[in-house]
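Take a look at this single chain in structure tokens; it is the form predicted on its own.
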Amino acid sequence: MKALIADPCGGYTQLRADAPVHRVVGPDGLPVWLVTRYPDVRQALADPRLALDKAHAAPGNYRGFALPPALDANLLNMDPPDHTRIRRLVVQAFTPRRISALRGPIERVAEQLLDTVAPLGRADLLAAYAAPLPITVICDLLGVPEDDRHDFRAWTDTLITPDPSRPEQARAAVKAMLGFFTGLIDRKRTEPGDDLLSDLIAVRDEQDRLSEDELTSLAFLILFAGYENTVHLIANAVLALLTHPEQLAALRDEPELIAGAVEEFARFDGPAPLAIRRFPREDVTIGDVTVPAGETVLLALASANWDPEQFTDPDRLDLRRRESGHLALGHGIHYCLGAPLARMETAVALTVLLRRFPDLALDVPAEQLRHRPTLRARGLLELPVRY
């Protein structure tokens, strides 16, 4: 699996050619089944026999990171009917009308962030722009006060890329995040506002449609996923443009390409190489391989998005690509809840950036850039640019 971090395109190309499903050692050191071809991944994403609930894992088969119940009772660990009930409560926050209403505020935040770095002539665009933009947006949506936002990136970085030699760091991050969300919910109960978290608290307290753990876990997931995935989608898109000058020129010449371009960025170098793990409720045949019940299945979204049987020249960035159906944001009932917001944030971030900095370029050779040493997220550690 380490080879897939260093050379994901080459690694998945070989795996797809060899077999549709592979028995490999997963990120937690235990054997997993890795599904690599587009039709199998797409079908498995929507297969109700593949559960997300860890209760379906066979004993000793799964050793994921242990979260306390107040953070673990979230949509990434749930199947219907609980998944259906909770998703229905929050989906109204991500309707097209609500997302459209956020465009103006997102544009203003993007402009302000670039105002800060414009006089410098160079910056780490990840730290100065790609990271603070999504955290500002999602915190505004939830109603997180500005003074409470400064530690969040450090906590999420620790959880996404934990240091195995220092497990106490991850435990401390979890404890801090639990305390943060518990305290925030308590304050919102006393002083509700015009925000999503206050609405969810009302659903919990007045309608009894959420348990307390479900409420806390849902707030955690919205903030965590809404921040982390969008950071990497924006930064990876900028890197893709700066290493494909003909595509950068095309987008500058035709800004109306941006909507399709965001889809291509997600396909080409999406933020999540793997879907959240699944556990078969019964023996399931994927491709020509029978996966026993209770064993861990990983669906390689990145591999599916580079499958030449689905996409012409998949290793080529093409902002005018006509093929659709990438799986970067999932498929089926677990399709990314915040996908419309992530798309719009990325489109705005790129549009404002390219308008403000017409001579934007990498400040180091591309081969010197480093990615996070994890399969949980496809993201850069830094993105030095000049302008």
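Note that residue numbering follows the sequence shown and begins at 1. These numbers were taken from a predicted model, which means no experiment stands behind them.
Heads up, the form predicted in complex with a small molecule isn't pictured, but that's what we're talking about next.
- When the small molecule is considered in the predicted bound form, Leu221 lines it closely, a heavy atom lying within 4.5 Å.
- None of the heavy atoms of Val41 is located within 4.5 Å of the small molecule in the predicted bound form.
- The shortest heavy atom separation between Arg278 and the small molecule in the predicted bound form is within 4.5 Å.
- Using a 4.5 angstroms limit between non-hydrogen atoms, Leu50 is distant from the small molecule in the predicted bound form.
- The listed set Arg321, His334, His56, Arg37 contains one residue whose heavy atoms approach the small molecule in the predicted bound form to within 4.5 Å, identified as His334.
- Out of the listed residues Val174, Leu75, Val284, Leu215, Leu75 is the one that sits within 4.5 Å of the small molecule in the predicted bound form by at least one heavy atom.
- Remark: of stretches 81-89, 305-313, 108-116, 245-253, the one touching the small molecule in the predicted bound form is 81-89 (heavy atom within 4.5 Å).
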